[in-house]
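Shown next as structure tokens: one chain only, the form predicted alone.
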Amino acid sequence: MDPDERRQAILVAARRVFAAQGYHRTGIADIVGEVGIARGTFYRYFESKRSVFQEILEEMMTEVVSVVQPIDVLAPIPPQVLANLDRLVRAITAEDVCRVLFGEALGIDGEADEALRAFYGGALARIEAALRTGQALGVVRPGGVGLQARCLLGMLKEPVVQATLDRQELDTEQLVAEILQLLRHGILEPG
């Protein structure tokens, strides 16, 4: 393998091991055993378990953010929102992404916590911008976009996290449909 392929193979193997065993139960030996390389080879590419984990964490955050496409305000909006929700739910329900991003990354150290804060801050900023645009177009009700954004993020994240914690299969199509229903009609019956 050339150096770029070897480095990528280490990242893929480490991602699998971190998702299966968690950050604290994973050692360099687990990673090199998974990829089938010598320990010294690992250290040619990464200085520590923490450094490979940080790269995987950043890769996952980029994957999740990249699935959301800008809304074309000249085209019908609801189908675009549905498509974004569907892609986003599929991205965050990938077993390795959910386990690592929502379960393992928080509390490792200040650097990981800061990366997560930046990730959530960026996600909230994008949601807030979308809500403001929706309000300007008259398709989103008036209100405080900051709190609305946090509620929307929770509607996406919590069902995924809870299903993962309970080791339950999550029907992503049903989750998208429920979120869309809540967005369109709320939760309480009129009257």
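Remember, it's a predicted structure, so these values are computed and weren't measured experimentally. In this text, residue numbers run from 1 along the sequence as written.
We do not show the form predicted in complex with a further copy of the same chain, though everything after this point is about it.
Which of these stretches, 158-166, 30-38, 51-59, 66-74, has heavy atoms within 4.5 Å of a further copy of the same chain in the predicted complex? Stretch with heavy atoms near the partner: 158-166.
Although a further copy of the same chain is absent from this view, report whether Gln148 comes within 4.5 Å of it in the predicted complex, heavy atoms only. Flag for Gln148 set to yes.
a further copy of the same chain contact at Ala136 in the predicted complex, heavy atom, 4.5 Å: Answer no; every heavy atom of Ala136 is more than 4.5 Å from a further copy of the same chain in the predicted complex.
Against a further copy of the same chain in the predicted complex, would Pro79 count as a contact residue? Criterion: heavy atoms within 4.5 Å. Pro79 lies outside the contact set for a further copy of the same chain.
Using heavy atoms and a 4.5 Å limit, would one call Arg141 a contact residue for a further copy of the same chain in the predicted complex? It does: once a further copy of the same chain is placed as it appears in the predicted complex, Arg141 has a heavy atom within 4.5 Å of it.
Would you give me the residues of 120-138 that have any heavy atom within 4.5 Å of a further copy of the same chain in the predicted complex, in order from first to last? Read in sequence order, the residues that approach a further copy of the same chain (within 4.5 Å, in the predicted complex) are Tyr120, Leu124, Leu131, Gly138.
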